[in-house]
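Only one chain is shown below, in structure tokens, and it's the form predicted on its own.
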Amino acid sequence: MTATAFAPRSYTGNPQKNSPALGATLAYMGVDGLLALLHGSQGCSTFIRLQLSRHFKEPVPLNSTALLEDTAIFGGWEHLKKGIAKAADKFKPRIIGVMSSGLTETFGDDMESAWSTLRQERPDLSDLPVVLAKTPDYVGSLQEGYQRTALALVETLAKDPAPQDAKTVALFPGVHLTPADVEELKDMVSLFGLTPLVLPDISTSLDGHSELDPAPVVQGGITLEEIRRIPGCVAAFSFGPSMAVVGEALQRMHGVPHMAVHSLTGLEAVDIFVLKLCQISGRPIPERLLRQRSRLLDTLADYHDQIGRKKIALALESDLLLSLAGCLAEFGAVIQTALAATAPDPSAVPPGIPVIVGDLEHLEETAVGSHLIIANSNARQAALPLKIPHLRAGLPVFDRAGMPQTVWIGYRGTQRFLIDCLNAMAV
């Protein structure tokens, strides 16, 4: 793995990192009937709602324990107990998902002891599932907060054994997959006669459907009953290198065979996944997928001269960065720079991809001379002065329509990604 050297500096310029608590909120949005509770200030929860709402164009139900100045000194342990109790009494959620913040983690609030004490004081809440995720702002980015929360969901809600089901598979999608991506993934698995249990499942909660009335809890996503069936799955797949720990936890807890899928964008990556589904289901590749693969090959034949040797600069969360950069390299493009928000697992980096941790100011320095920039909407501040086409990806995307409905995985999605890159460079 090679990397571009940056001049040393003592600041972060135009950071591309998002709050881990934002990633935790996104994970909780994939669980039906869950009430998300941020153990932090109201300002933090307001920012998270704003960031997610302008990306998904959907209301984001998020509550907070509303910590004030005194709790920054004396701690928010009592606030957390009161917050859980009040949320349970007022909104009657099926599950409460709590995430910490930089403030409470710095002080050292013990969320486990707060919940344990509350159960003793309120025996009527003992049967209420409460998930606790530690997501301090100073550890990782959006991706790490999402990963920690998905792991907490599995360890808390899927800890008990379940009846074995040879036709059910568990899917753990990474934060880099859009609601439409997750729906495409479910459709691919279903074509093999398998039933997918997806955790988190934002394909039915943040997909842009019309809700009759706003609600304080998540509407759509995987249900509690479905989560409790996950230990009985015949196999589990994690998508994105960061999510491998979730699949490994399920395998360790219940012996469910786990396969880590680093990417679902690109011909070889999709082929590997499809062949694994053939092996599990005992069925041949469906004609629909073969047709989609044929269309992708035809698109590559038609446009290989327009994508080959094009210089691409990317700045994204590491799972999405590795997926898109690996696909572009497979198709002959040159990855000029690949800036990750946080350091990826070196073993997951495709050969020849120059990955380095950097911000959007680094992007402006290293993208000079490239044909295309792929990054979130904030990278427009780098793309415009350089007069380089900018394809929006990742989160947030607030100056282009339809990002949550974009499909860039599978054969069909890989073809769409290639076309989107070509059209962006043609402007």
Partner chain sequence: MFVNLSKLNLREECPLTDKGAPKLCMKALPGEGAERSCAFDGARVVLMPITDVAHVVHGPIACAGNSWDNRGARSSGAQLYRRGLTTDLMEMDVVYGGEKKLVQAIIEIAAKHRPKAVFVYATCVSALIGDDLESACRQAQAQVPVPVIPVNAPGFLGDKNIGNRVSGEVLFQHVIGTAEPEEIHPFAINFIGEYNIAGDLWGVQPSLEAIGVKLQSCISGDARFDDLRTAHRAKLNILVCSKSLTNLVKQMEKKYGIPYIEGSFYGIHDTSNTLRAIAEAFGDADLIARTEAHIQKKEAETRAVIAPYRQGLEGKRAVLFTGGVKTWSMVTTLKELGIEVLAGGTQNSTPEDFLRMKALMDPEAHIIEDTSAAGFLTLIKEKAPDLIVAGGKTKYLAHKTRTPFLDINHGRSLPYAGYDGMITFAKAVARTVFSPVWEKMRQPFPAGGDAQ
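In this text, all values refer to a predicted model and were calculated from it rather than measured experimentally. Residue numbers count along the first chain shown, from 1.
Keep in mind that the form predicted together with the partner chain is not shown, yet the notes after this line are about it.
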| request: May I ask whether Lys17, Gln42 and Ser53 each come within 4.5 Å of the partner chain in the predicted complex, counting any non-hydrogen atom? | output: yes
| message | With a cut-off of 4.5 Å between heavy atoms, is Thr299 one of the residues that contacts the partner chain in the predicted complex? | response | no
| query | Is there a heavy atom of Gly33 lying 4.5 Å or less from a heavy atom of the partner chain in the predicted complex? | reply | no
| message | Please determine whether Thr12 contacts the partner chain in the predicted complex, using a 4.5 Å cut-off between heavy atoms. | response | yes
| Though only this chain appears here, would Pro231 touch the partner chain in the predicted complex if you measure heavy atom gaps against 4.5 Å? | no
| in the predicted complex, which of the listed residues (Lys86, Lys276, Arg288, Arg295) lies with a heavy atom within 4.5 Å of the partner chain? | Lys86
| message | Under a 4.5 angstroms heavy atom criterion, identify the one residue in Glu144, Asp137, Asp109, Glu226 near the partner chain in the predicted complex. | response | Asp137
| said: If contact means a heavy atom within 4.5 Å, which one of 168 to 176, 215 to 223, 150 to 158, 254 to 262 is the stretch that engages the partner chain in the predicted complex? | reply: 215 to 223
| field | Any residue of 359 to 397 that, in the predicted complex, places a heavy atom within 4.5 Å of the partner chain | value | Leu360, Glu361, Glu364, Glu365, Asn378, Arg380, Gln381
